[in-house]
Ligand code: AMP
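Let's start with one chain on its own, the form predicted on its own, as structure tokens.
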Amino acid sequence: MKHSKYICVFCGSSHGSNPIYAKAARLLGKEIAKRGFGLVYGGASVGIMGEIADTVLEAGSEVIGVIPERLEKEVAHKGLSKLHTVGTMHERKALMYELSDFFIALPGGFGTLDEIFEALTWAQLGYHPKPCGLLNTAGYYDELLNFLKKSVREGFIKKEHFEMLCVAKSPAALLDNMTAYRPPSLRKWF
């Protein structure tokens, strides 16, 4: 099934230490399907990545994975609607960004942060008008948000750019915020 909108979800290839993270992934997956969206994600069958992919598939929506060749044999999800295999992580991110209309980070590590911050940086620079969000499950991103607020106070991030990041504790609230999102007209240097 081809959808009109696709949500790219960046998340961990592990489940983390708290079962609430996997539960949040499943809740987001159900909300994505309920709203008629498709999912774009990193293509793995493990961790939170596998949880959200399985949930969206079970709910009848399309799931597109994008995985580097190096990881394909080891962790690729075999039951996706479509799996793109690319050569590098850079190619992976570029294709995920091209295929998607929204970007959400669930709890995760370095890769998750890299992916959401690159999408947010591209929005800040005006390369795309797509909303970027954090699902702040159990306060996972609280310290990061405090750091970003400090960056605003210290003059490294403009307040308007910080406000481009949608944040919510529940999948429904986050998707509501993101569907209502309007990009600022302010550009980085102007």
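Residue numbers here begin at 1 and follow the sequence given. As the structure is a computational prediction, the values presented were derived from the model and not from experiment.
Another form, the form predicted in complex with adenosine monophosphate (AMP), is not on view; read the next lines as being about it.
Participant: Does L95 make contact with adenosine monophosphate (AMP) in the model of the complex, using a 4.5 Å heavy atom cut-off?
Facilitator: Looking in the model of the complex, residue contacts with adenosine monophosphate (AMP) do not include L95, since no heavy atom lies within 4.5 Å.
Participant: Within a 4.5 Å heavy atom cut-off, is A25 in contact with adenosine monophosphate (AMP) in the model of the complex?
Facilitator: Heavy-atom contact with adenosine monophosphate (AMP) at 4.5 Å: absent for A25.
Participant: Does the 4.5 Å heavy atom contact test between M49 and adenosine monophosphate (AMP) in the model of the complex come out positive?
Facilitator: Heavy-atom contact with adenosine monophosphate (AMP) at 4.5 Å: present for M49.
Participant: Hey, in the model of the complex, does P131 get a heavy atom within 4.5 angstroms of adenosine monophosphate (AMP)?
Facilitator: The answer is no: P131 has no heavy atom within 4.5 Å of adenosine monophosphate (AMP).
Participant: Among G29, E31 and S170, does every residue place a heavy atom within 4.5 Å of adenosine monophosphate (AMP) in the model of the complex?
Facilitator: No residue of the spot touches adenosine monophosphate (AMP) in the model of the complex.
Participant: Which is the contacting stretch out of 65-73, 118-126, 131-139, 153-161, given heavy atoms within 4.5 Å of adenosine monophosphate (AMP) in the model of the complex?
Facilitator: Selected stretch: 65-73.
Participant: Go through 99-114 residue by residue and record those having a heavy atom within 4.5 Å of adenosine monophosphate (AMP) in the model of the complex; state none if no residue qualifies.
Facilitator: G108, G109, F110, G111, T112 sit within 4.5 Å of the partner.
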